[in-house]
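This document starts with one chain, in the form predicted alone, laid out as C-alpha coordinates.
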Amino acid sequence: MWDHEIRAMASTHAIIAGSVFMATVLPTVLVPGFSVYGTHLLWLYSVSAAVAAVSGTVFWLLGVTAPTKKHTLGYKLSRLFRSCVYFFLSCLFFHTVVVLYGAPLIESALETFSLAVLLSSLTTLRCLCVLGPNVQAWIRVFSRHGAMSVWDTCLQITVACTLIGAWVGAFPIPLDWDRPWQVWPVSCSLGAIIGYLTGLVVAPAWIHYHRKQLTYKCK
(Lines give C-alpha, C1' and ligand atoms only; values in the text may rest on other atoms or scores of the structure.)
Protein backbone atom coordinates (compact mmCIF):
# COMPACT_ATOMS: atom_id res chain seq x y z
CA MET A 1 0.00 0.00 0.00
CA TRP A 2 2.85 2.34 0.81
CA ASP A 3 5.49 0.77 -1.44
CA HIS A 4 6.26 4.07 -3.17
CA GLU A 5 6.79 5.88 0.14
CA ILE A 6 8.90 3.05 1.51
CA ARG A 7 11.15 3.14 -1.56
CA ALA A 8 11.45 6.92 -1.25
CA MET A 9 12.27 6.49 2.44
CA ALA A 10 14.97 3.90 1.72
CA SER A 11 16.52 6.16 -0.93
CA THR A 12 16.40 9.15 1.42
CA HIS A 13 18.07 7.19 4.19
CA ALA A 14 20.78 5.96 1.84
CA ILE A 15 21.59 9.55 0.88
CA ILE A 16 21.66 10.68 4.52
CA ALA A 17 23.87 7.74 5.50
CA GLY A 18 26.15 8.69 2.62
CA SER A 19 26.41 12.22 4.02
CA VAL A 20 27.65 10.78 7.34
CA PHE A 21 30.26 8.77 5.45
CA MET A 22 31.39 11.79 3.41
CA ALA A 23 31.53 13.97 6.54
CA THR A 24 33.96 11.43 7.97
CA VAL A 25 36.08 10.81 4.88
CA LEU A 26 36.38 14.26 3.25
CA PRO A 27 37.94 16.02 6.28
CA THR A 28 40.66 13.37 6.39
CA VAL A 29 41.69 14.59 2.94
CA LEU A 30 41.15 18.32 3.46
CA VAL A 31 42.21 18.79 7.09
CA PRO A 32 45.73 17.77 8.18
CA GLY A 33 45.75 15.55 11.25
CA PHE A 34 42.01 14.94 11.17
CA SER A 35 40.73 11.80 12.90
CA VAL A 36 37.55 10.71 14.61
CA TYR A 37 39.36 10.42 17.95
CA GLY A 38 42.09 13.05 17.70
CA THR A 39 39.87 15.86 16.39
CA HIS A 40 36.61 14.47 17.67
CA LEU A 41 34.72 17.74 18.04
CA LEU A 42 35.57 18.74 14.48
CA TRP A 43 34.28 15.39 13.23
CA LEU A 44 31.19 15.71 15.40
CA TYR A 45 30.29 19.13 13.97
CA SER A 46 31.14 17.94 10.47
CA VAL A 47 28.63 15.09 10.78
CA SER A 48 26.02 17.35 12.39
CA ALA A 49 26.29 19.92 9.59
CA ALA A 50 26.21 17.28 6.86
CA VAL A 51 23.14 15.53 8.29
CA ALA A 52 21.36 18.86 8.80
CA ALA A 53 22.04 20.12 5.27
CA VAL A 54 21.27 16.87 3.47
CA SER A 55 18.19 16.01 5.55
CA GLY A 56 16.65 19.43 5.12
CA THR A 57 17.26 19.41 1.37
CA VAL A 58 16.07 15.85 0.71
CA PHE A 59 12.92 16.13 2.83
CA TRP A 60 12.05 19.42 1.14
CA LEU A 61 12.56 17.96 -2.34
CA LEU A 62 10.44 14.93 -1.49
CA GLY A 63 7.68 17.10 -0.09
CA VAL A 64 7.78 15.29 3.25
CA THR A 65 8.11 18.56 5.16
CA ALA A 66 4.91 19.54 6.94
CA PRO A 67 2.82 21.81 4.65
CA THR A 68 2.31 25.45 5.57
CA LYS A 69 -1.09 27.11 5.60
CA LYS A 70 0.37 30.39 4.44
CA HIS A 71 2.84 31.02 1.66
CA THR A 72 3.91 34.57 2.44
CA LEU A 73 7.58 35.34 2.88
CA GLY A 74 6.97 36.70 6.37
CA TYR A 75 5.28 33.48 7.49
CA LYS A 76 8.06 31.33 6.06
CA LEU A 77 10.71 33.45 7.79
CA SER A 78 8.75 33.20 11.04
CA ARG A 79 8.58 29.42 10.64
CA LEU A 80 12.31 29.26 9.97
CA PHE A 81 13.03 31.41 13.03
CA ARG A 82 10.85 29.20 15.25
CA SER A 83 12.62 26.12 13.92
CA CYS A 84 15.99 27.62 14.82
CA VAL A 85 14.71 28.48 18.30
CA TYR A 86 13.39 24.94 18.78
CA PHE A 87 16.70 23.51 17.66
CA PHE A 88 18.64 25.69 20.11
CA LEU A 89 16.26 24.81 22.95
CA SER A 90 16.73 21.15 22.04
CA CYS A 91 20.50 21.58 22.39
CA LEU A 92 20.01 23.07 25.85
CA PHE A 93 17.60 20.27 26.77
CA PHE A 94 19.98 17.50 25.72
CA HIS A 95 22.88 19.28 27.43
CA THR A 96 20.89 19.40 30.69
CA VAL A 97 19.82 15.76 30.43
CA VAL A 98 23.38 14.58 29.76
CA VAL A 99 24.65 16.56 32.76
CA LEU A 100 21.92 15.06 34.95
CA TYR A 101 23.07 11.62 33.80
CA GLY A 102 26.56 12.33 35.13
CA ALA A 103 28.49 14.42 32.59
CA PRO A 104 30.76 17.12 34.08
CA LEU A 105 28.87 20.36 34.73
CA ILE A 106 31.75 22.81 34.19
CA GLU A 107 34.67 20.71 33.01
CA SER A 108 34.24 19.50 29.43
CA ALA A 109 31.19 21.75 29.00
CA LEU A 110 32.08 22.33 25.33
CA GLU A 111 32.27 18.60 24.70
CA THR A 112 28.94 18.04 26.42
CA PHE A 113 27.22 20.80 24.44
CA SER A 114 28.75 19.45 21.22
CA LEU A 115 27.19 16.07 21.97
CA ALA A 116 23.88 17.88 22.55
CA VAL A 117 24.21 19.54 19.13
CA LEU A 118 24.82 16.15 17.53
CA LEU A 119 21.79 14.60 19.24
CA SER A 120 19.64 17.55 18.19
CA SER A 121 20.87 17.23 14.60
CA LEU A 122 19.98 13.53 14.52
CA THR A 123 16.61 13.76 16.30
CA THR A 124 15.10 17.24 16.67
CA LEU A 125 16.09 18.35 13.19
CA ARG A 126 14.33 15.33 11.74
CA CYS A 127 11.19 16.24 13.72
CA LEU A 128 11.40 19.75 12.30
CA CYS A 129 11.79 18.40 8.76
CA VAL A 130 8.85 15.99 9.01
CA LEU A 131 6.48 17.80 11.38
CA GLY A 132 7.63 21.41 11.38
CA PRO A 133 7.90 23.57 14.52
CA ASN A 134 4.71 22.11 15.96
CA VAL A 135 5.13 20.79 19.50
CA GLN A 136 1.61 19.33 19.55
CA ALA A 137 2.43 17.24 16.47
CA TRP A 138 5.64 16.05 18.14
CA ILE A 139 3.75 14.98 21.25
CA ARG A 140 1.17 13.20 19.08
CA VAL A 141 3.77 11.26 17.10
CA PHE A 142 5.63 10.06 20.18
CA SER A 143 2.50 9.11 22.06
CA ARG A 144 1.08 5.60 21.85
CA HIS A 145 -0.53 4.95 18.45
CA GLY A 146 0.17 8.56 17.47
CA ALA A 147 1.73 7.89 14.06
CA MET A 148 -0.40 9.03 11.12
CA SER A 149 1.93 8.08 8.27
CA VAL A 150 4.90 5.87 7.47
CA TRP A 151 7.12 8.91 7.96
CA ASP A 152 5.81 9.31 11.51
CA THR A 153 6.61 5.66 12.21
CA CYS A 154 10.04 6.14 10.67
CA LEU A 155 10.57 9.17 12.91
CA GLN A 156 9.73 7.12 15.99
CA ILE A 157 12.19 4.38 15.06
CA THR A 158 15.14 6.60 14.09
CA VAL A 159 14.82 8.84 17.16
CA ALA A 160 14.56 5.84 19.48
CA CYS A 161 17.58 4.12 17.91
CA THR A 162 19.66 7.30 18.16
CA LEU A 163 18.91 7.90 21.83
CA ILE A 164 19.40 4.24 22.75
CA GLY A 165 22.71 4.25 20.89
CA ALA A 166 23.92 7.33 22.79
CA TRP A 167 22.83 5.76 26.08
CA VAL A 168 24.57 2.44 25.36
CA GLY A 169 27.66 4.34 24.26
CA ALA A 170 28.07 5.72 27.79
CA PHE A 171 28.58 2.28 29.32
CA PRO A 172 32.30 1.83 28.44
CA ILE A 173 33.35 5.28 29.73
CA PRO A 174 33.96 4.36 33.40
CA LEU A 175 35.81 1.13 32.52
CA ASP A 176 39.56 1.25 33.14
CA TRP A 177 40.64 0.34 29.62
CA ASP A 178 42.41 3.61 28.71
CA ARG A 179 41.20 3.51 25.12
CA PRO A 180 41.00 6.72 23.02
CA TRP A 181 37.30 6.16 22.32
CA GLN A 182 36.59 6.25 26.08
CA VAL A 183 37.39 9.97 26.24
CA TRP A 184 34.25 12.03 26.79
CA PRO A 185 32.07 12.17 24.69
CA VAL A 186 33.55 9.95 21.97
CA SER A 187 31.77 6.70 22.81
CA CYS A 188 28.40 8.46 23.30
CA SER A 189 28.59 10.28 19.98
CA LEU A 190 29.76 7.12 18.21
CA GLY A 191 26.89 5.24 19.84
CA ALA A 192 24.42 7.92 18.76
CA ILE A 193 25.60 7.84 15.15
CA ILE A 194 25.67 4.03 15.02
CA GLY A 195 22.17 4.01 16.50
CA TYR A 196 21.07 6.63 13.97
CA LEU A 197 22.47 4.66 11.03
CA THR A 198 20.86 1.52 12.43
CA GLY A 199 17.53 3.35 12.57
CA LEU A 200 17.93 4.46 8.95
CA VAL A 201 18.22 0.80 7.94
CA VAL A 202 15.69 -0.67 10.36
CA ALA A 203 12.87 1.86 9.80
CA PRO A 204 12.07 1.16 6.11
CA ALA A 205 12.72 -2.56 6.59
CA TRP A 206 10.36 -2.77 9.59
CA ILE A 207 7.67 -0.72 7.86
CA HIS A 208 7.94 -2.84 4.71
CA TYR A 209 7.67 -6.06 6.70
CA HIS A 210 4.65 -4.81 8.70
CA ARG A 211 3.03 -2.77 5.93
CA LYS A 212 -0.07 -5.00 5.80
CA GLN A 213 -0.67 -4.60 9.52
CA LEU A 214 -0.11 -0.84 9.68
CA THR A 215 -3.19 1.32 9.86
CA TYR A 216 -3.16 5.08 10.26
CA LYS A 217 -5.80 7.50 11.35
CA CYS A 218 -6.80 10.22 8.90
CA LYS A 219 -5.05 13.51 9.44
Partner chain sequence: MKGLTVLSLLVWLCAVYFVGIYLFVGGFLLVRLEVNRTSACGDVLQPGVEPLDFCQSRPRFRRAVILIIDALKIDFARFDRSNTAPRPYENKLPVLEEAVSSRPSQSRLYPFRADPPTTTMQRIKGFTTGSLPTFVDVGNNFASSAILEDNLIHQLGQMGKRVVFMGDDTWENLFPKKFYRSLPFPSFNVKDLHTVDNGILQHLYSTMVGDDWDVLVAHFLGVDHCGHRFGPDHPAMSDKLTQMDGVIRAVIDRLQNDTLLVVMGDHGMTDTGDHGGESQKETDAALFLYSPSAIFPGPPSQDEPDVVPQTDLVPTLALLLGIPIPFSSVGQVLLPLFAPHQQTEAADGRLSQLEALWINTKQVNRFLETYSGLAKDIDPQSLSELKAQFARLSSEYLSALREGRAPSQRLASSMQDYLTAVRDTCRATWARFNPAKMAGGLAVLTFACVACLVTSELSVVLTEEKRAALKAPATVAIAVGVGVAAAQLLTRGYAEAAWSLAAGAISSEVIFLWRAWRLKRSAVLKNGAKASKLSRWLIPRRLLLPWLAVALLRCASLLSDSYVIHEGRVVTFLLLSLALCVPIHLNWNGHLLPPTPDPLKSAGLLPSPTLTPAAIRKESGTLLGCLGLLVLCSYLSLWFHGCREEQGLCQPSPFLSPLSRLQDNQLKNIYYILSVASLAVCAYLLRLCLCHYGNLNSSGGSAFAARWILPLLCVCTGLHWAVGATAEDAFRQLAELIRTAQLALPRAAFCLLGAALSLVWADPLTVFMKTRNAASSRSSALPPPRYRASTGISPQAELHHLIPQIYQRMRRSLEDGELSGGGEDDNRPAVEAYGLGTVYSAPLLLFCGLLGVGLLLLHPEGMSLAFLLLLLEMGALLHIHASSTTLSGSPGANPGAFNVPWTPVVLWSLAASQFFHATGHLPTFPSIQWGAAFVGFPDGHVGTVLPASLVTLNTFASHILFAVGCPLLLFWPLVREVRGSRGGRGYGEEGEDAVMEMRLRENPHQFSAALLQLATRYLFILGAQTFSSVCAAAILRRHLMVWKVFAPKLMFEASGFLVSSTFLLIGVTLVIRVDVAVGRWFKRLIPSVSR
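Positions refer to the first chain, counted from 1. No experiment lies behind these values; they were computed from the predicted model shown.
As for the form predicted in complex with its partner chain, it is not shown, yet the points below apply to it.
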message = Can you tell me if residue 31 lies within 4.5 angstroms of its partner chain in the predicted bound form, counting non-hydrogen atoms only?
response = no
request  = Examine residue 101 and determine whether its closest non-hydrogen atom to its partner chain in the predicted bound form is within 4.5 angstroms.
outcome  = yes
inquiry  = Please tell me whether any heavy atom belonging to residue 63 falls inside 4.5 Å of a heavy atom of its partner chain, as the geometry stands in the predicted bound form.
reply    = no
task = Would you check, heavy atoms only and a 4.5 Å threshold, whether residue 167 touches its partner chain in the predicted bound form?
result = yes
In the predicted bound form, the one of 105, 84, 92, 77 near its partner chain [non-hydrogen atom within 4.5 angstroms] = 105
query = Want to guess which of 108-116, 122-130, 84-92, 135-143 is within 4.5 Å of its partner chain in the predicted bound form, heavy atoms only?
reply = 135-143
message = Residue by residue through 158-174, which ones have a non-hydrogen atom no more than 4.5 angstroms from its partner chain in the predicted bound form?
response = 167, 170, 171, 172, 174
